[in-house]
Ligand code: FPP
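A single chain, nothing else alongside it, follows as structure tokens in the form predicted alone.
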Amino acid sequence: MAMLQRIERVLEASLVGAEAKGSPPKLGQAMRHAVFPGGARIRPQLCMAVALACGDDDPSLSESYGAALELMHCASLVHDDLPCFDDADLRRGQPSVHKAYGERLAVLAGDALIVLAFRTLVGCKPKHLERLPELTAMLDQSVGPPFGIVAGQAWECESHAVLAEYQRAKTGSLFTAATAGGAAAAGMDPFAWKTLGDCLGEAYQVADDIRDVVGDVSLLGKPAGQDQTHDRPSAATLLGLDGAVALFDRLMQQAIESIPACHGAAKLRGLVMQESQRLVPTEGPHKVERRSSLYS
């Protein structure tokens, strides 16, 4: 079964369990609205690609952990769109959860998705139960303070934030958890895969900063110009657009070079290149000029 199909199957099963008879119907609807239809599902795809490259000897564990990462990501988007933060009307090309179901249900749906992420992971039936505590700790660290996505969002509430620390927490933490966790789920050394996640996480945030400047709503699936509107740290603001694009290219090159030698290395490099083109395209109506040899 293809990676995306495995991810969607676990996510669907998790949501069905949360929509059991007796649960408030609108809460379940709001949670489902936040998760489906999904975006690129790159975090769980990356997790499972690393697991496959490492042998993937415990598929139930790798796919459950990948789905848990996606549920955490979806929860963060629900909260990020709230009026107290971005006040965004759109997410993934459809009304954001608070626009569709109201602010109160959006807060509760985001909270419920966080709980559901842990439930999805610890409720799986792995072959190697001894790996579960390490993965649970990784999931915890990728979300909570001091360096998880909650801390990343909290940096927006400070009068000053160091751009690298902000990006590492807000976006990078889940990517690092994806690559390191994919290896750990397959019984391999997670540290060997940490650099890949670090580089990709920072690159994704830089790409988001670039797209916020040059993109439009149809490309982003959410409002553009949010960094300037909310005076948020941004690579495009700090470095200029050309500088941000150059940083993105360097990070993607470092990500490719960091992939450990394994039988799935070529496939992983292809996935990184594919994502690079999707995030900051060199062709088409939204193309961005590049000087990097990565694209020559």
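Residue numbers run from 1 along the displayed sequence. In this text the structure is predicted, and so the values were computed from the model without any measurement.
The protein also exists as the form predicted together with the named molecule; that form is not presented, and the subsequent description refers to it.
Proximity to the named molecule in the predicted bound form, defined as a heavy atom within 4.5 Å, holds among 41, 32, 232, 250 only for 232.
Using a 4.5 angstroms threshold between heavy atoms, residue 77 counts as touching the named molecule in the predicted bound form. Residue contact check for residue 198: none of its heavy atoms lie within 4.5 Å of the named molecule in the predicted bound form. In the predicted bound form, the named molecule sits within 4.5 Å of a heavy atom of residue 150. In the predicted bound form, the named molecule lies farther than 4.5 Å from every heavy atom of residue 98. Of the candidate stretches 69-77, 124-132, 178-186, 157-165, only 69-77 has residues with heavy atoms within 4.5 Å of the named molecule in the predicted bound form. Contacts between 114-135 and the named molecule, taken as any heavy atom within 4.5 Å in the predicted bound form, involve only 114.
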